[in-house]
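Given as structure tokens, the chain that follows is alone and in the form predicted alone.
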Amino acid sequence: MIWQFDFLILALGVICALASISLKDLLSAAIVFGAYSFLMCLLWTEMGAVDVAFTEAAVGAGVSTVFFLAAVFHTSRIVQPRRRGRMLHKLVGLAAATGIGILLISATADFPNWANPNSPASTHLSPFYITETIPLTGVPNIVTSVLADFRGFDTMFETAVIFVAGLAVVSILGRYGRRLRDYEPSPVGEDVAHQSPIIQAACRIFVPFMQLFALYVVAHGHHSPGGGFQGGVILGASFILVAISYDLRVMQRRLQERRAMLFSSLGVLIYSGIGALCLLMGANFLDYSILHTILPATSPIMARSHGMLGVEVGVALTVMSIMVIIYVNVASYGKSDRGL
């Protein structure tokens, strides 16, 4: 690592973080926050955490920024100043941040020294994952083997959390928009008023490559940085790009909201179903090695690799669908009309 480069990125990240919480223009704050996420992506890459950087680039600098912009579109762009009690709120917030900061800094004294080879993580967990990942799973990417195999039960519930988040957005924004504004969707063939031939032509070129790359990220996440989460976000971003370039109804001709909800449920079902299948065959939950008895020409080790691919496909379906569902409801205020 080059400490000068790391220090520069960290300094710029702190500046962007302070600017994002101090700007009164919410649109500018959202853009600065996206720049902060991009800087963090560079920092993770410099530190060698490529999978984390991949996720930060796709989620933090990409889809999250779009969600913020869509939310700002339906709110006031400029923060309204408080006439009374503003200084008190600042003092309370400053005191809370200072107290938590002191607590976190004091807790670092209990951590092992940086790069200490005698720390518990370096003497127990890390050597096992580094030395046994390929012999036990046949997967070169240690991150994928940890998330989808060694820690697969936890990752399944993380996928369920994403699914529940989508349900929460639909239940709150969808019901709110339909109750306050009786919306009747206009005919599907109606022209879009804000068409831009340049943007739409670029969208038609970019979207197939985005989706092809997303499928590669999902299928090749065992051997290179990536996996179901990153690939699902990129797939969802391709549909969101169509919605931004045209409108929501054009995108929903290709992926309707009900179909997206079905895919999100199917993704969770695929993940948990593979684990249940392992139980029915007499092994532990998500113990993919037992699947070699039903997969032709497959050893127990390769069965674990194929099982991880199956759960990554389920994660990708859920993440893609939930990203689209969240954008549709946030951008249209729960009405699923033209959107922004």
Partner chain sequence: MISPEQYPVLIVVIPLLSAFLISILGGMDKRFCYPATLLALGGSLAAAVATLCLVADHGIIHYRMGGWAPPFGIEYVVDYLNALVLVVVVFVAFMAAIASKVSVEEELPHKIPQFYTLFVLLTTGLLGMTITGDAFNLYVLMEIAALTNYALIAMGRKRALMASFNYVVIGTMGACFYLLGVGHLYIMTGSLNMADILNILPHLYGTNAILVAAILMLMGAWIKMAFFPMHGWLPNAYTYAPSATSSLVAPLMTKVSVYIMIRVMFSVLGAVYVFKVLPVKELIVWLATAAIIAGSLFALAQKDFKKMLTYLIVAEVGYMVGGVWLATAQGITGAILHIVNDAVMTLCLFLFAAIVVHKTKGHQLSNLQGLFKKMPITMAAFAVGALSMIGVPPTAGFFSKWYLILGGIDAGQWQFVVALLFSSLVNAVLFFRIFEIAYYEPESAQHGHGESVAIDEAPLSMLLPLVVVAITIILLGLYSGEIVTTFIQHAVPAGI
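In this text, all values refer to a predicted model and were calculated from it rather than measured experimentally. Only the largest set of C-alpha atoms that superpose within 1.5 Å between the two forms is called the rigid core. Positions refer to the first chain, counted from 1.
What follows is about the form predicted together with the partner chain, which we do not show.
The listed set 266, 241, 210, 219 contains one residue whose heavy atoms approach the partner chain in the predicted bound form to within 4.5 Å, identified as 266.
Between the options 87, 205, 164, 198, the residue in contact with the partner chain in the predicted bound form by a heavy atom within 4.5 angstroms is 164.
Interface residue remark: residue 283 is counted as part of the site for the partner chain in the predicted bound form, having a heavy atom within 4.5 Å. Residue contact check for residue 129: one or more of its heavy atoms lie within 4.5 Å of the partner chain in the predicted bound form. At a distance threshold of 4.5 angstroms between non-hydrogen atoms, residue 247 is out of contact with the partner chain in the predicted bound form. In the predicted bound form, the partner chain sits within 4.5 Å of a heavy atom of residue 150. You can rule out all but one of 248-256, 230-238, 108-116, 211-219: in the predicted bound form, only 108-116 has residues with a heavy atom within 4.5 Å of the partner chain. In the predicted bound form, 120, 121, 124, 125, 128, 129, 136, 137, 149, 150, 151 are the residues of 118-152 with at least one heavy atom within 4.5 Å of the partner chain, listed from first to last. Relative to the superposed rigid core, residue 107 undergoes a CA displacement of at least 2 Å between this form and the one not shown.
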